[in-house]
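Single chain ahead, written as structure tokens, the form predicted on its own.
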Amino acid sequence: MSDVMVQSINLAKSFGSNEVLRNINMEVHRGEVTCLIGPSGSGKSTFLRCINHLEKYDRGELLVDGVRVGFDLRNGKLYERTTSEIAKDRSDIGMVFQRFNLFPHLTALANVTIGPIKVRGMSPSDAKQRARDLLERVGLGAKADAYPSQLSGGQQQRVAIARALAMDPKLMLFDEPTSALDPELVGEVLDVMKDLARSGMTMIVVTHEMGFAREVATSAYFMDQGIIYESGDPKEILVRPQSERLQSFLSKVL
């Protein structure tokens, strides 16, 4: 089994004439935490969405756990996989968005159980027990019967993380998970993410939280205008950036 969980080779993506990803090359190994940093509109979220085929890339290769994302190669030609095949692949990848995307009419417990029951075929009793365990893990065991409207933003985001974990993913994607939160609520979500990192979960995180990147990430990639300008150990590139573009970016965000 390869040590590489995500591999991107010369990946490109355009929206009309706007090229948002330009020959992105990246490797994420099992158990690593990779942070994508850069200004808004730099292509970070688009790249994340390509990983689970929420966006269809135009050129290059993208593999998750050795399997090409979204396409099969047959007789030298690429064919897009069927909707059911893509859904099956996507179920192995957890994703947490800026907005929590919880079902407002379901309790926290029901939000976490719905995926394992409907997609994995887990029995309701097993799914509920797993959901309770995961809510405990993210510090919300006492909020199992609360509805999203009764929870703070930080609590809703932690339910969203538990919901993603309930599918037993091999990879977790986080798209600016704290950007919609009040500053005092950011820490409680980052603490859950740090615990996940310590447990060995493979994670790709789009974030503006430079402290989190320095403390937790195995590698960091600085993107701007669809290009990776600099990458490496976050303790190095975020402290001693080599490119003028990253130096300028850090001077504004730190």
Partner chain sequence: MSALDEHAESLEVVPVRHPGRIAAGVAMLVLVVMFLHTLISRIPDPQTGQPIWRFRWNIIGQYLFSPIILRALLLTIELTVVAMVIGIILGVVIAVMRISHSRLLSMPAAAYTWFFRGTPVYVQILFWFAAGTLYPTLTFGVPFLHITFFTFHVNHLTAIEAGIVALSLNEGAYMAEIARAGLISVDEGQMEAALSVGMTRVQTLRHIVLPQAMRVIIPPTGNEAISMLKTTSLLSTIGVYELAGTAANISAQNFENVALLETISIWYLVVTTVMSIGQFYVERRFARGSSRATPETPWQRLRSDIRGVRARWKLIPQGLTR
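Residue numbers count along the first chain shown, from 1. Computed from a prediction, not measured in an experiment: that's the story for all the values here.
The same protein also has a form predicted together with the partner chain, omitted here; what follows describes it.
Stretch 112 to 120 is the answer when you ask which of 112 to 120, 73 to 81, 135 to 143, 178 to 186 has residues with heavy atoms within 4.5 Å of the partner chain in the model of the complex. The partner chain in the model of the complex is not approached by Thr34, whose heavy atoms all lie more than 4.5 angstroms from it. Contact annotation for Pro104: at least one heavy atom lies within 4.5 Å of the partner chain in the model of the complex. When the partner chain is considered in the model of the complex, Arg158 lies well away from it, no heavy atom lying within 4.5 Å.
At the 4.5 Å threshold, heavy atoms of Leu54 reach the partner chain in the model of the complex.
In the model of the complex, Ala87, Arg90, Ser91, Ile93, Met95, Phe97, Asn101, Leu102, Phe103 are the residues of 83 to 103 with at least one heavy atom within 4.5 Å of the partner chain, listed from first to last.
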